[in-house]
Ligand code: HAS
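Given as structure tokens, the chain that follows is alone and in the form predicted alone.
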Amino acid sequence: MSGRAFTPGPVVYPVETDEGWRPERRMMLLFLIAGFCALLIGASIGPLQALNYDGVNAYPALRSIFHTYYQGLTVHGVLNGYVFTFFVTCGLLVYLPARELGQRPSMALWGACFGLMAVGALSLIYAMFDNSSSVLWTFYPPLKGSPFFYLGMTILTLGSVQPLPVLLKMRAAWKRAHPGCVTPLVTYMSLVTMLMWALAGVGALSELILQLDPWSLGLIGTIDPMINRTLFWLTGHPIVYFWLMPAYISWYGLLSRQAGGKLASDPMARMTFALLLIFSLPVGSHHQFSDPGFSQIWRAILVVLTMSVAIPSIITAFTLGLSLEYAGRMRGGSGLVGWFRALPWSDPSVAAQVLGALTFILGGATGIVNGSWELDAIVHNTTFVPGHFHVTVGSVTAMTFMGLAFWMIPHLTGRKLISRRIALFSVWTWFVGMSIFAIGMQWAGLYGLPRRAWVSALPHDTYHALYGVAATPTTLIAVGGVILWVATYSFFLVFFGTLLFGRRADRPAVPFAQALSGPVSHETGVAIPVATGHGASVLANRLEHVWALVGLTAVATVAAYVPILWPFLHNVTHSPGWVLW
């Protein structure tokens, strides 16, 4: 490879030739716009939280919009963590498989998914902005919001599982037309993601339908906080993977092609998703290490189970790294790091995804801290915790979705990006801002700075007496937040500018990756047999039995949660609701 001439500039995408997908493109565009509109509002509020930790209280100046810091934090968490991610994911996980398989999705079911989530999102927005539901994104009882909040969350969650029957129907039709073939890679990963989410959603939907909805409507008078916290984290931990797995789908299924190379291993991609399905659900109660009510033995077991989730992330790191190295060397890169410099950094879609993957190194490392019983005791309920998930959903997911938007908007609309330079600027400023912010949050957490606390409302002398020792990291938090503000509006300048004013151009085709080994996904959206059962690897054939994986996951989850819920169910707490705002 060392003799190959260096290839500058971005990889040229193939041109879309099939114009028969107009309804699907329009629907995908609706999901994309709805999701990113939620991010626009949620990310605009984010820097206010960052300034809060540096002692700057901006909320009195915004009294006509936000009454308290907690109202702003609720809007920030719900719109970014639920609405943004759900809309983009539920669009991608139908559209990409449909194009890969060449199968038309059920527009009625997909449209119902959008409609339900839109109704749920509007109900949540109403409940949050009328200051009736400052219950934060975890909505822990006994804090009590309005029925609009809980019913909205119920409808949003129900809507978010609707892609599953759409996927199952498309896969079944493709299987009938291609007997003996393993499911193409992007479709397989999308299906496993939705199966994981359907199982995970049982926790939150049980909490909402059986407890929070009737409680908020006055049908029951009291509620048990511990049972509800446990049900929440049955969903609340796997939701992290509902954020991450769509990013992994892009990294495995698209990014290597965008970078000018091939995917290093198709079977390892499938193994990653199978392991994420199995490992992500049983471990949610590690978020409750500091809660009373379940045994120390089971807490120790949870630590071991939680560490298992690192295995698919390590597989991803090696597979993605090798795929990118192959791409860089194919473009003429040589030496230890020359291949990295040779990647098409001038393509904002590639830059966003590679930088997002780099930030996940910090996200994964700090996740191990949170998942360790002893170490968690040091950082529990400090800014270290939101610092961690800002380098997961706030970087990996957000930056990958931003990168996807940079090729999807031209693909869906036939309009060229109004400015690659501004797009690249938004990507790099987001990367720099999020890195500074997250480092500051985690550093400040080691000084005991509390998370989800309106510390800037304290008297100046009191604030400095309590948190002055953390002056350097809190300054980093504020600086990172302001940089993220700049990145946010730079991105949306390109996003909406392209939608409204982008020049007409050829539509780029979906850049499905080609694998170096194992079953081969499509290079285009044309439906062809990608691998026969005897031609695929043994691992790929074994992992094709997705319902066996679902059964194993369900058994493991029940085995993990029964010992935790059992004492709570036999010692029920009857708590009235609290409204503290």
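Here the structure is a predicted model, which means the values were calculated and not measured. For every residue, the number given is its place in the sequence shown, counted from 1.
Omitted from view is the form predicted together with heme-as, to which the following refers.
Heavy atoms of residue 138 reach within 4.5 Å of heme-as in the predicted bound form, making it an interface residue. Residue contact with heme-as in the predicted bound form: residue 332 places no heavy atom within 4.5 Å of it. Looking at residue 213, you'd find every heavy atom of it more than 4.5 angstroms from heme-as in the predicted bound form. Contact check for residue 241: a heavy atom falls within 4.5 Å of heme-as in the predicted bound form.
Contact annotation: of the candidates 117, 75, 320, 88, the single residue with a non-hydrogen atom within 4.5 angstroms of heme-as in the predicted bound form is 320. Distance criterion of 4.5 Å from any heavy atom to heme-as in the predicted bound form singles out 313 from the list 490, 154, 162, 313. Per the 4.5 Å heavy atom criterion, heme-as in the predicted bound form is contacted by stretch 358 to 366, the sole one of 492 to 500, 177 to 185, 358 to 366, 89 to 97. Residues of 380 to 405 placing a heavy atom within 4.5 Å of heme-as in the predicted bound form, in sequence order: 380, 385, 388, 389, 392, 393, 397.
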